[in-house]
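One chain follows as structure tokens, the form predicted alone.
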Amino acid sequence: MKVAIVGSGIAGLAASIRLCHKGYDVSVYEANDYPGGKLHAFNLGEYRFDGGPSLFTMPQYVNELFSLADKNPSNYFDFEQVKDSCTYLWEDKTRISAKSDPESFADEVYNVLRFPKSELLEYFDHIQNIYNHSASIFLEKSLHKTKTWLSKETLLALLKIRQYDLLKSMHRANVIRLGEPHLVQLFDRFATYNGSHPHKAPGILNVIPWLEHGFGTFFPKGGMEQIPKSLYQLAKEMGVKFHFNSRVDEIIVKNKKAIGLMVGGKEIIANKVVSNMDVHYTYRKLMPEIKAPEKTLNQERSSSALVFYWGIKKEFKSLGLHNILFSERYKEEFDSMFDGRDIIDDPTIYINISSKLEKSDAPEGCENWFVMINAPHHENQDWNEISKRTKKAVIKKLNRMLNADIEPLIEQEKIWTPEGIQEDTLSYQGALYGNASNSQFSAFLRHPNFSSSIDNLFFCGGSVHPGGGIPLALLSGKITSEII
């Protein structure tokens, strides 16, 4: 039975491996000349940059794909656990080097903030409890299949739904359970992991930091691009056929059934079609004549990002692999993103420096800075103007907080705007995670992994269930393959 997959993002790769393992004849059609989608890399002079996601958690979902094929993951893919999950800095000189494991993290927080260790560990117990009782239902299964809701596991979980802070916002839950302003801001920031507003997103999403601190933070040797590269190699060895520079023009639908693809004027017949393309573009570009689920497609979009890739002619010993320099106007920052579609002049700054662990990513004595600012999705803003003034604000903040003069140190630069993200990755409006999760029931409103109106049509990737980010995209590929 032939399966045609549109796109070789991380979810498409996972789906191709799982379906090939089950005996399907799988072909993947990719518009780019490389696999991985947002997980790509490039060079600026002597500096190497991972272009997209920079955080790697839950490597078990990658290893699982190799285990399916009875392969040793370490023969394809190597990674190390990172002791410091993130370095957090505030304008009041507070600095926390957050350890990956909760016990050490709680020790550090007590030493810096005098916040009781027992209370922070109690918070971690709470979010671990949310994960243990909800992950297998909300992340690992389709929420759009009746059997999911009729299982004993689901019914037991629903009895505890009030304990998951579903009726509170992430921010409100953090204020109640933590209270200390630095910690509230620190844990509120995990709303950005699915492109949402912490004052609007449901408290159940406070499970996200458990993925980082419960399972650990990791770094792939060779950079993030090694994740799709290794999965691509595995898929090829298993027999998956890849067609690069092959932009899909149409999903062919006849009598309410997907029967194949149109690629470069050529008809490709398939028994099943899987779209790893943004679900919005799947309907608008590949099936324009098919009635689309307008209510789903018109939901509020997630945030995007404004990224400055900088080759820096200096090493900063005070910074780690992952760094956050917080805004003093955090709620205003999110309000501006989601309500004003703009970036304030005191943005929170995320800096990833892979050369801290992969020395060859920058010349000796230098660093490769991936500087990301949370940004609104693209709605025809003037990104040239926004980029210029945001760069000035970022450099001013960095100069002040790092006690340095940053601009003369920048010898290489590339800027990626939400508009550029839309053009380069075909993510509608440059939204990194598809729809935002700014409502209590947003998890239930994401597009399912299958079409309810077109037979043999399926979906995977960050714009459908269970959501964006590497772990969830891998799970999306798993859910889709299991439905097929």
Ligand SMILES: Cc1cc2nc3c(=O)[nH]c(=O)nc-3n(C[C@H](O)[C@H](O)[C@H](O)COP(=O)(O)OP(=O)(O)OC[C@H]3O[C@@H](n4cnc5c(N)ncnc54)[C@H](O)[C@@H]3O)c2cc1C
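Please read these numbers as outputs of a predicted model, since none were measured by experiment. One-based numbering along the sequence shown.
Form predicted in complex with the named molecule: not shown, discussed below.
Peer 1: Can we say Pro102, Ile130 and Gly203 each have a non-hydrogen atom within 4.5 Å of the named molecule in the predicted bound form?
Peer 2: Verified in the predicted bound form; spot residues all out of contact, no.
Peer 1: Note which of Ala106, Leu325, Met337, Val307 lies within 4.5 Å of the named molecule in the predicted bound form, where distance is taken over heavy atoms; exactly one does.
Peer 2: When the named molecule is considered in the predicted bound form, the option within 4.5 Å is Val307.
Peer 1: Among Gly420, Pro59, Pro53, Pro448, which has at least one heavy atom within 4.5 Å of the named molecule in the predicted bound form?
Peer 2: Residue within 4.5 Å of the partner: Pro53.
Peer 1: Please tell me whether any heavy atom belonging to Ser246 falls inside 4.5 Å of a heavy atom of the named molecule, as the geometry stands in the predicted bound form.
Peer 2: Residue-level check for Ser246: yes, a contact with the named molecule.
Peer 1: Report whether the minimum heavy atom distance between Asn435 and the named molecule in the predicted bound form is within 4.5 Å.
Peer 2: Because no heavy atom of Asn435 falls inside 4.5 Å of the named molecule in the predicted bound form, the answer is no.
Peer 1: With the partner left out of view, is Tyr29 within 4.5 angstroms of the named molecule in the predicted bound form by any non-hydrogen atom?
Peer 2: Contact check for Tyr29: yes, within 4.5 Å of the named molecule in the predicted bound form.
Peer 1: Test of understanding: in the predicted bound form, would Leu44 fall inside 4.5 Å of the named molecule by heavy atoms?
Peer 2: It does not: once the named molecule is placed as it appears in the predicted bound form, Leu44 has no heavy atom within 4.5 Å of it.
Peer 1: Given that the partner is absent here, state which listed stretch (83-91, 385-393, 214-222, 274-282) has heavy atoms within 4.5 Å of the named molecule in the predicted bound form.
Peer 2: Of the options, only 274-282 has residues within 4.5 Å of the partner.
Peer 1: What residues of 3-24, in sequence order, lie within 4.5 Å of the named molecule in the predicted bound form by heavy atom?
Peer 2: The stretch 3-24, when checked against the named molecule in the predicted bound form, contributes Val6, Gly7, Ser8, Gly9, Ile10, Ala11, Gly12 at the 4.5 Å heavy-atom cut-off.
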